[in-house]
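Consider the single chain below, provided in structure tokens and representing the form predicted on its own.
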């Protein structure tokens, strides 16, 4: 294992918050993984990519790609207790591996550019739900409300700026204790409300046949729809939802205690993340078919469907408001982890204070993010490679930058860092009785994951197959 280069250490080391307990580590990491990827992006992509075939591709991608990359990132971060770029600089001094960390930081920034706008939609939906504007079970009405919202340039920009400012304030104040405490309360409540909506979606009166259609769409795969394009999209979602390939897990890993069991924590986070996605699918797709909505409607699927379900429930308006509030707060964990990547680097590698680094990141994000916020209004006709700015930032990060970063992370762990160092790091220098699990992970990360990522990337880009 390469020794740390003293010259690479910041002159004024950042005082780092460390997660204090195993439960705190799990909850904070899960808080980074959970969010709008589960409740918004998973249903939208499942609806647009053939339903169950996409779900199958996603689960396979999560096991063979997402999980190995997550473990790799966490162990890299914990081994150096530093940001994504510095961790690679210390492990491979004088080499170009730091560019992998830089690519992850750039991906995190692009994701925030459109992710903060989706969170803004959620926040802007709350007053509409309270006012009764969404008090309907007609998906055509809720679709009209959604289109009107995203096509309003002032609301889109102001909503996004509020979200950016909100996250920036938390980052400046310090996030470790806040994330641990808040997510311990909110994640169980989000589970409960999601299960409640799912039960209602499965028991809509007079809709038994449509409900079966919705469940078949979600759970009965048509393998003819399992194309390389679908695989590439599923892999991009696995990276996006597990917050890997974007420097977040390296950064969060740097806050882990040295006795944390990284493989066990990562596996539990992955299973919980998949479960929430499936619950979201159960809550949404039976209702989509029951009310005659279009499953391939795209990013608006959540905003069109959830109101139609909650409005058929007793106290449905209250449940809908609670769901929107909790969805926004659940997204906070993911936004904090993404925001922390550039802030941690700036604060550790320059003379900037944490506050200054956060403000600079927020201002740049507001500028770049405005292109995504205006993609359905002022900039709707501005397209690059046939994509709006919103879709472009999504595609570049989820479908290209994250898989490319994940590929090189696994190559680094498997072929550069090497088995003795990985074994010592993941067994906590032999104090954990998990060497068989570590060997299995190492084999997957070294041989299987890089090949899968590379083949699917080349096929998706039309360069192979």
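Note that the coordinates shown come from a computational prediction; the quantities given were computed from them, not determined experimentally. Positions refer to the first chain, counted from 1.
This next part talks about the form predicted in complex with a small molecule, which is not shown.
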Within 4.5 Å of the small molecule in the predicted bound form, counting heavy atoms only, one of 263-271, 240-248, 205-213, 281-289 shows up; tell me which. 240-248
Closest heavy atom of residue 337 to the small molecule in the predicted bound form, within 4.5 Å or not? yes
I'd like to know whether residue 122 contacts the small molecule in the predicted bound form, with contact meaning heavy atoms within 4.5 angstroms. no
Though only this chain appears here, would residue 88 touch the small molecule in the predicted bound form if you measure heavy atom gaps against 4.5 Å? no
At 4.5 Å between heavy atoms, is residue 45 in contact with the small molecule in the predicted bound form? no
Would you kindly say which of 36, 53, 410, 422 lies with a heavy atom within 4.5 Å of the small molecule in the predicted bound form? 36
State the residue from 344, 164, 111, 218 whose non-hydrogen atoms include one within 4.5 Å of the small molecule in the predicted bound form. 111
